[in-house]
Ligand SMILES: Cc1cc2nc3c(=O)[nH]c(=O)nc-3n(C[C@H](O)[C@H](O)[C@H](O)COP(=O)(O)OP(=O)(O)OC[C@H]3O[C@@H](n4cnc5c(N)ncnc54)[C@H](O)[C@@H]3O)c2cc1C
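Take a look at this one chain, the form predicted alone, written out in structure tokens.
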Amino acid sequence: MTSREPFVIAGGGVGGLTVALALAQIGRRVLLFERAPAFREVGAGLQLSPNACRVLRRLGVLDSLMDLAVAPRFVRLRRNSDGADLARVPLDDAESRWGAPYIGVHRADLLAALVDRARANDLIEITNDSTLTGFIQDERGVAVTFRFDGEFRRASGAALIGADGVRSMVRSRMFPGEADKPVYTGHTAWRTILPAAKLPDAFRAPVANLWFGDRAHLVHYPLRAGSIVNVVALVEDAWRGETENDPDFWDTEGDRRFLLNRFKDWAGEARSLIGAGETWMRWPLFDRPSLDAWTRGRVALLGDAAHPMLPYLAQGAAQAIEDAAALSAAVAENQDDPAAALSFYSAARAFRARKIQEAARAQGEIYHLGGVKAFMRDVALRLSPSGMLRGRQDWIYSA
């Protein structure tokens, strides 16, 4: 087996598809295995910050998103009790400040753009309805087994990239043991998409709204040229994992009565938004310990498999996209030594990803403060110049 054998990718989410395109762009063949029978419209909105959009632009994906994307003029930080503004963080100069736009897109639209570009590339072979079941490696390459059409099959390549999410099979084989298993954080995201036509006109405005509350917060912003509104309610709860062993546990419908009760003391605008959602999909948030290295020989992790990102900085998809760019750059510099390339990739990315992981965890605590601490946070936000609040994102968006 030569070093010019294809790279094998487990997982056809944002990270897996992006790294497939990035590797193909430097001339490497890719075999991508995706568990789902087809790429379907699942999930909800994503906020793609400039650090992600720069990579998507280089891969030729960004332009195909812009007709459907909404670029918010600012983030509006609000208090839950009365909806009062605490601060506004400008985003309308994202292109000039950070070198790319800040946009909101439907996850399905991003996946469709990535899939279309990948299927049009002769170097990328995508196999749906295929679940990776195991792998071995030696100094010549990797061999994987996967289940397809009810049968177990084999494939081989120069390296394996585990882009298979927070419950990654690849990671569990690389780092076996209880200490590395996914752990429920005590936070659950509830998601819904609302037709903008059924909401007041103000909800169509290109603004990202972020409401702070005691042990909960609310996010909403328009998508698809303002035709729909993405709503996410994140709460601390006592979810017990009754569907935890289901691979689609994150795509389970929840009881909206829970949310109506949980947000009953919030301002009327927030309550009306919660009440407008007939169907809410519940997504328990899991985390895993940070890793010092994401590779073992010719096997590497990427995206949530390497560094699960809590959504409080809106960096989950963005960091997977950054991973893809860094991995392909390392391979381009070490075409004849995939193991070395993956080691360089891990070294280049692990510190930054861990720093953003930790910042997202801390941000979630700030969002969910109550009592005196919440009052102090609100006062600090009101006294902070908008430019200073925006500047706090430079280290993420400019990298």
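Given the structure is predicted, the values throughout are model-derived calculations rather than measurements. Residue numbers here begin at 1 and follow the sequence given.
One more form of this protein should be noted, the form predicted together with the named molecule, which is absent from this view; the next part is about it.
Discussion item. So in the model of the complex, is the named molecule close enough to Gln357 to count as touching (4.5 Å, heavy atoms)?
Written reply: Heavy-atom contact with the named molecule at 4.5 Å: absent for Gln357.
Worksheet item: Does the named molecule come within 4.5 Å of any heavy atom of Gly297 in the model of the complex?
Response: Gly297: no contact with the named molecule in the model of the complex.
Worksheet item: Looking in the model of the complex, any heavy atom of Arg29 within 4.5 Å of the named molecule?
Response: Because no heavy atom of Arg29 falls inside 4.5 Å of the named molecule in the model of the complex, the answer is no.
Discussion item. If we define contact as a non-hydrogen atom of the residue within 4.5 angstroms of the partner, is Ala22 a contact of the named molecule in the model of the complex?
Written reply: Heavy-atom contact with the named molecule at 4.5 Å: absent for Ala22.
Fill in: Residue among Ala94, Ile274, Ala159, Leu132 with a heavy atom within 4.5 Å of the named molecule in the model of the complex
Partner contact (heavy atom, 4.5 Å) among the options: Leu132.
Practice prompt. Scan Ala208, Ala216, Ala118, Ala317 and let me know which has any heavy atom within 4.5 Å of the named molecule in the model of the complex.
Written response: That would be Ala317.
Discussion item. I need the one stretch from 32-40, 359-367, 60-68, 339-347 whose residues put non-hydrogen atoms within 4.5 angstroms of the named molecule in the model of the complex.
Written reply: Contact-bearing stretch, as computed: 32-40.
Worksheet item: Which residues in 173-204 have a heavy atom within 4.5 Å of the named molecule in the model of the complex?
Response: Going through 173-204 in order - heavy atoms within 4.5 Å of the named molecule in the model of the complex - there is one hit, Ala189.
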